[in-house]
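Taken one at a time, structure 1 and structure 2 that follow are two forms of one protein chain, written as structure tokens.
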Structure 1
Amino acid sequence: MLPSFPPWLPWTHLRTCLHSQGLPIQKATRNGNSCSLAILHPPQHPAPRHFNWIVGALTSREYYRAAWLGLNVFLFVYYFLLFDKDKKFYYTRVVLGSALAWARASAKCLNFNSMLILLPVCRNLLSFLRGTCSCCRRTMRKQLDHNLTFHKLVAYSIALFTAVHIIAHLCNFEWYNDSQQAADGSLSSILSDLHQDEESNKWLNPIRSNNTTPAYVTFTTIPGLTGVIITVALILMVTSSMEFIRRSYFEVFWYMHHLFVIYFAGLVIHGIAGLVRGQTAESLKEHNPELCAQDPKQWDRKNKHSQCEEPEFGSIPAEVRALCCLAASALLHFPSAVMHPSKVLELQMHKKGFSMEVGQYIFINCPSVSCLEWHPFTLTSAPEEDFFSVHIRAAGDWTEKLNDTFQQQKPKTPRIEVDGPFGTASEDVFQYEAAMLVGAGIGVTPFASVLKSIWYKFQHADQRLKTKKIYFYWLCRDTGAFAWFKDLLASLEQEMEESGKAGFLNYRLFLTGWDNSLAGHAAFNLDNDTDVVTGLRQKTSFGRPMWNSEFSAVATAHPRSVVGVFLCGPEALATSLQKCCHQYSSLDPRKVKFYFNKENF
């Protein structure tokens, strides 16, 4: 689902890197023909080639991840050293050893990561940030839209730090209990006995009685009980989010993930009781642990000759920062529904306070089908139209029920709630003189929006549209589920003929699920004007496209242009298209260049 830039492509990296940093890039013209991309302000001291490659090799996403990792390492090491070396915790360390430092350092990292984990998936916060950050909109949008990978990364780190934290505290409880029950006069048993009988709250050892177990203490203290509850919630969330479960049984993942509410509530309460204690500042003035630890029998507040008073302890408040999510604000809509063949439902809704761009998606909820489920769908209408639409194919529980609800034609149209739009808008598609758009299977859906938008812009001679020629490749097994897209192509074909611009869009359909009878039928009807399978003017091809011949044909037709290649489809196809882009891009900057964009539609 998410694009990944292979590290062996310096050209694409450099271009994306430059784009995302807002460096001015402009096509230089030469003798009226356009050249390839050139940077407007070349660097004063051109860096050596290998340095450019290194800089270009790391995308902005990788910089953010390196920063996150660095912060984690810094927090862990800083708090580990603090708890391991500070004099305040000298006596705590006598009882607990270095397990104290492990527990506290991992707790700080847990706080940091728990604060971050909601950020990538908090949709309204995302929309808010996207809207306000106009200076670096592109970088911010691209980074925030790579949310799920980051969310998973933070989740794994939370699981890791939880394991470290729990193991450290298991040791802590055990050793606290041991030192409480020990009667051998050792320093730790003396420390455990201090202030136990008073009401003064100056004790060190939270375990008060001699005949208890760590398990009992865990379940009768607030930190222990909340710790167990939130860990169980975390484990349930993790096991139900395994890829296999998520892809096969989405509802289990969706409902179980709502346990995050329990996780956060428990996390806030977890640190409140303050069972981890250090020596108070006043006590440190009168009692220096490094000197007085050697002779604990001399500690006596009644003995005026003693240098060491009895040490007193206070709790360290555990700071928990919780990030409150803004409530999702969904717009209510009453859509008009259009049924298409092969159980495809088109919902058209009017825009009120809704602005979209090509290639974006929205989340839809239908309360009459299911109150809690929100499902994402790519928008198939163009921004220039006065309504927005999605095409929903019945391919699962929720979509089947939605289909049935709309088919029943009840007197009152079912209500739809919409959240969004989200996703990286692909504005690049309008910037190339020639564009090759490849849509495979369900990946053809965002291109409905793109094609319509390009056509509107072309009709109205929009200045933002630089495209003069589009090559559209549609690959699918069979056109059954995409009959609505076929109709769109047919209507575009007709409109182009009527306005006399028939050469603008050149599309080819490839049916990869063909059999002998279909091919025979097509061969028989070769001389007809329209295609026997689709009814379009353009003949259907069978099997997969031969990209070499396609690219060489485009290169021959546009010998001096920059051609943008856009794909929405499987990874294997991306690899072969990238290869072709490299192969057919000329080394001469005045000649044809292919740029590959695998946008996250």
Structure 2
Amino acid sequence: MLPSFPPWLPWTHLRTCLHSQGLPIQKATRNGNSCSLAILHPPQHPAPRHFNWIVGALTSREYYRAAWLGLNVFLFVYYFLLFDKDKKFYYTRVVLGSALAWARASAKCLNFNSMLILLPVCRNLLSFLRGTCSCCRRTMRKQLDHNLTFHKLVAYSIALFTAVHIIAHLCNFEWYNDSQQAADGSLSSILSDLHQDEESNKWLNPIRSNNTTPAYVTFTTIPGLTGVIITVALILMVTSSMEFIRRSYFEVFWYMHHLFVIYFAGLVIHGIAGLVRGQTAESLKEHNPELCAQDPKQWDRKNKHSQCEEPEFGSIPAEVRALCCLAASALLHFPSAVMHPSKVLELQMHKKGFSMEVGQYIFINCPSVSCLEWHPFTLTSAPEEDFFSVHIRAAGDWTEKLNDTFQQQKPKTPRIEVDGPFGTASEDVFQYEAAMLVGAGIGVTPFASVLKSIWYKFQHADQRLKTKKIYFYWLCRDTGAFAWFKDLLASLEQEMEESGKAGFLNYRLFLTGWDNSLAGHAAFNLDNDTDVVTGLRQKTSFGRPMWNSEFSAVATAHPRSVVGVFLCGPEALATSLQKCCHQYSSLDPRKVKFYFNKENF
């Protein structure tokens, strides 16, 4: 729907304003106070190159996932066949059936994924890998940006294998109990009675009394009790990680995730007791189960020359599980605070013992608000500055309390603890010949650091700058959000004009929420040298970008370049940009390529 404009608005202003919104006018007539506009439909772009989309979607990320999935399949199949065919577990299978193989195979995969689950969220490890992979291929470094996706994938697999493991062991406990209760002289009942009255720990069935129930074993043995504790901790962590809970009740998600300590502690001691057993190697030499199982009444443990002595059983060796925690010490700061419009708080802290790169982020804790909560924020300062800063928008309980704390505790400055910095995809922005930076709302913060660094590089005439062109897009819902960032853009405009590189930065500001009076006021003052909304030379556009047109223009301007697309914004926008990256990337390696990068916290 077009905004209403006053009838006295000059046609030149109206035409220019509508063109800026991507609505080209074919014909315009005027009759008194009424007007008639014939507006062309948006230009029809060529049909999407579906083949490019399919090929682009099969990125190396899918290969890494396929490798992880292949390892899980291999481990499950290998250990399933081992416990289902190995002679050592012949008699165990007589009592438990195929549930033994299901329980042990799922346990091996469960341990494997529990070993991996922490690696994608070890921030110091990821920062170290980013540094060591700086000379590696771009596609290899990009895999580090999908760390949270892999973390969730591993968590889902842990939940799946846990369910299989629990169901299998519930069946095992029932069949252990049935074998103990049986008095029909069957092989399973004979095996359950072996070594029950001895202290040699050579028994097979852990249930030694007819009065013992599976529930009793579950809550009175180390494997059973730790299994219950591990399962409860896992359920709480998984359910509190749901999107709705994580965004609406972040504190619940934060505190529940600290149950990982209990989870790993229980996992380490879960298999110590060794309730599930197999025949010992010494016993296999004197007792071949495939031959002796046919006539269990001939088993004689007292006759040394017997070919079928009574079998003896031992526990399955428990795996050694190691937990490696890579932690960083927190730095203590007493920052200076600056309040900006739209409830944005800027914290500036001295760089003593602190080094950073563009686009990195830190974790912040304010003991005055919460002693346990740490929240990630992107650094908005440049590495060349003698301080580092973050901009925090009040968008939740913790951020609102933080804003109130800094406003109320003057002149006493609240104490801030900082952990980091940690690397992100934006560190690679200067590795591309051309870069498209897209920020939505407060998501502009990583690009503030990038643009500030560019300003310093131009001032010092840095010849190492590989980037030749930057396209910057900022989408905001209200005009107040532009206030704290427009000074930097104005400085960049002036600096690049004075250095003769006015075409280096092409930025577009989009206002996605406005009223008719504001749009009419902007159209009426369109001929002014500066924008009425921001005061900058670049005019503010009303609405959202037409990404197909933007990507097509960039691809035309850089037909043989590698273009990096960087986003800090919502998932819906990420999906659109990622699709455009695949659609407008050429299959010819000599032509334009778009690489999508998204900030993940």
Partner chain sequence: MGRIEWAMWANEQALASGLILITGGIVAVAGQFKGWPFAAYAIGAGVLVCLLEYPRGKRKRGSTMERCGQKYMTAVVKVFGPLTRNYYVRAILHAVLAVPAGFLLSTILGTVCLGIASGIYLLAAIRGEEWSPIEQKPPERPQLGGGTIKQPPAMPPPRPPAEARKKPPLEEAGHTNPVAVTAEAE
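We call the rigid core the largest set of C-alpha positions that still match within 1.5 Å between the two forms. One-based numbering along structure 1's sequence throughout. Computed from a predicted model, the values in this text were never measured in an experiment.
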item	value
Selected structure - criterion: the form predicted on its own	2
Rigid-core frame, C-alpha of A435, shift of 2 angstroms or more between structures 1 and 2	yes
Rigid core superposition, R508 Cα moves 2 angstroms or more between structures 1 and 2	yes
After superposing on the core, C-alpha shift for K591 between structures 1 and 2 in angstrom	10.2
Inter-form CA displacement between structures 1 and 2 at C568 - rigid core frame, Å	3.9
